[in-house]
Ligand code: TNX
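The chain below stands alone and is given as structure tokens, in the form predicted alone.
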């Protein structure tokens, strides 16, 4: 018995000796190409080594932290092929990776974090679980091989303090013009979350297709969802599938923002239910790409019964605070009818305890500080919204529309707003774009991908990346930290990372991509 005890003691001492004698590997945290660039980075010249013995420890008492730890373990395994264990503990360990919530630093806000890396211990703490998740995405970017040929994986040592410039940092995916299934949406969420984007706006309805099940109006999907641009078979999400997307996004601290575009862009709904149609001719299934020809009948009560049923069912399955009601390009809706419709729809959204977002045309209605205007086309509309007290979501088409071509040779996409090369996507400041719209008026930044010409996952990747990364930094990082000449060098080092993620990105000639 004594021999066994002695053996255990000797083994323990040898293991401690082995760990303590692991030679630190020099590394420079300030040279890691982090996107978005953090608020502060202080390097200490050494590194933390990752091995099969490394454990991710989680402060007890939070299911969200445990979920984030599991996702971090998956990310590390994908990068390194090393599978880490996770363990819940009552206090900080002496070594390993430790995730915790500590509300001591108010400057960090809801999504900020502090990351401290030493030779033995990686400590990630934040005021809220959302900040811990954001910090794990930074960890994933810091991990690298110690030399080109070595199999050792390290994290450069030092300290990072980081928090976002804007609270809303979003992307929009149009699943109406061309439909994309649940797995594609989940993949898109993962790609966005990796760069600290925290909102996914789903454009669920348009002239070409209705993509969300509404149980009280079943023909919306059986008829309205039956096709898409070009005449494909279309499709839709059942409410259970939509809830699955919401939960998947929630685990990654991404808010789903559903859009029901009204009173224009409503041909698919009017085909399913002709009593809603306010246009002068019969609605027929539409598979083209023109806009502005459809409208609801905004003076009939059946329209508002429809709107209420849709908003009620959608609100029940949407955990986030927002419902987007569209409101753009209602060219055949008389102005008085349009304003009347937006005002009534606004009241319905509020009845179900949601915040209304609409494209910038909604500023002509009776909106106030409880509403959000999404600036896409006209600065005067956004300014009108600000005058009425509304917050502005910045999506200027000339800078953020991901369906725009990079240049005249781009094989997919459109060019009506602008040709948007990678530098044009990066070199703008939301708080300086329009006189009269200051930082305090801005909710955040969103990058829309309309899908008239987008039919495959590769198409999505090609138009979205790397421009979405530019917008992610604009939404997160201080304006004083942003510089194109420096940024393009950091972006260049993300080329191999994107390829490892299987992303079919556009390799702009303006960026010296690392091979």
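Just so we're clear, the structure is a prediction, and the values are computed from it rather than from any experiment. Residue numbers count along the first chain shown, from 1.
We do not show the form predicted in complex with this ligand, though everything after this point is about it.
Shown alone here, residue 403 lies within 4.5 Å of this ligand in the predicted complex, counting heavy atoms only. This ligand is not drawn, but in the predicted complex it has no heavy atom within 4.5 Å of residue 133.
When contacts are judged by a 4.5 Å heavy atom cut-off, residue 114 does not count as touching this ligand in the predicted complex. Looking at residue 426, you'd find every heavy atom of it more than 4.5 angstroms from this ligand in the predicted complex.
Within 4.5 Å of this ligand in the predicted complex, a heavy atom is found for every one of 291, 329 and 376. Exactly one listed residue, out of 265, 196, 399, 211, brings a non-hydrogen atom to within 4.5 Å of this ligand in the predicted complex: 265. With the partner omitted from this view, the residue of 184, 414, 82, 431 that lies near this ligand in the predicted complex is 414 [heavy atom within 4.5 Å]. This chain is displayed without this ligand, yet in the predicted complex the stretch 447-455 from 447-455, 484-492, 469-477, 62-70 comes within 4.5 Å of it by heavy atoms.
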